[in-house]
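In structure tokens, the next block holds one chain alone, the form predicted alone.
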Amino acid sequence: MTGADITPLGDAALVVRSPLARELLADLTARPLSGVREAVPALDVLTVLYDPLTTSAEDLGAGLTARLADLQPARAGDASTHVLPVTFGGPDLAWCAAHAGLSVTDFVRAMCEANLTVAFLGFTPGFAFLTGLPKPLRMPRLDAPRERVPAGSVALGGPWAGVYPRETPGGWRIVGRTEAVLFNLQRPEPLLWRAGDRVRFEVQR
């Protein structure tokens, strides 16, 4: 099975649109294809950058199609579930609740009831793009990003939820904070989560 749409992007990249994009990334990481320099994930999309002196778009496209044909969707049992205690009360919480047409209490309850999934990792080490937000909780990004977003900030941006692993600039709307450590090089597994893992928020007691 593939159901994939593979199209060129410039003269050194292919864009793969497939429900198996996440599985393809894992496969390419474990078994790199010749000429592939980097694979950049998005939701159901994988952009594969390659060296045109080593392979061609046609050969690489054929290789990717063959890989996709052998892949199966990841099983739910392969994923971990992470429950993150959150202190709700970020600077945008009231605004987000009003935008959703909810009281702050109901907004927090809806946040905690959302079953989220790590779609992919990026932006900064440990940052996960969490998909699965109900439509009312999907918030427009700030018109002007903040220069400093504190580590542990729980935020909403477009269809995504996320947690900032460290202080960075950011344009998502902050609704809370967690003490969870998302990235630590001292741990055997530095990243808290992997693509496909399930995530829920709960009110910090």
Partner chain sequence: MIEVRRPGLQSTVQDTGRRARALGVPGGGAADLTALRLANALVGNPPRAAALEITLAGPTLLFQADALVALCGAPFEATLDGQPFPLWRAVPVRKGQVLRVGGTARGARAVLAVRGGLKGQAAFGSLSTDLRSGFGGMEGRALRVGDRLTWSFLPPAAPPRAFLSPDLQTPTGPQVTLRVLLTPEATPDLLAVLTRPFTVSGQADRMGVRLSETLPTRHDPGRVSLPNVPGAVQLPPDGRPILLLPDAGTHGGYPTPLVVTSADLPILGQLRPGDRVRWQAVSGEAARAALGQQEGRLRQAEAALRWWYAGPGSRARLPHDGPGQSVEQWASAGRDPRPGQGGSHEPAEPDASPPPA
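Basically, rigid core = biggest C-alpha set you can superpose within 1.5 Å across the two forms. Computed from a predicted structure; not experimentally measured. Numbering follows the first chain given and starts at 1.
A second form of this protein, the form predicted together with its partner chain, is not displayed here; the remarks below concern that form.
Interface residue among P136, P32, P52, P150, judged by heavy atoms within 4.5 Å of its partner chain in the predicted complex: P52. Comment: its partner chain is not present in this chain, but in the predicted complex one of N115, S80, T124, S103 has a heavy atom within 4.5 Å of it, namely T124. At least one heavy atom of A39 is located within 4.5 Å of its partner chain in the predicted complex. Among heavy atoms of S56, some come within 4.5 Å of its partner chain in the predicted complex. Of the heavy atoms in T178, none are within 4.5 Å of its partner chain in the predicted complex. Looking at L24, you'd find every heavy atom of it more than 4.5 angstroms from its partner chain in the predicted complex. Taking the rigid core as fixed, one finds a CA shift for A13 of 2 Å or more between the shown form and the other one.
Once both forms are fitted on their core, a CA shift of 2 Å or more is seen for R37 between the shown form and the other one. Once both forms are fitted on their rigid core, the CA atom of L49 lies 2 Å or more apart between the shown form and the other one.
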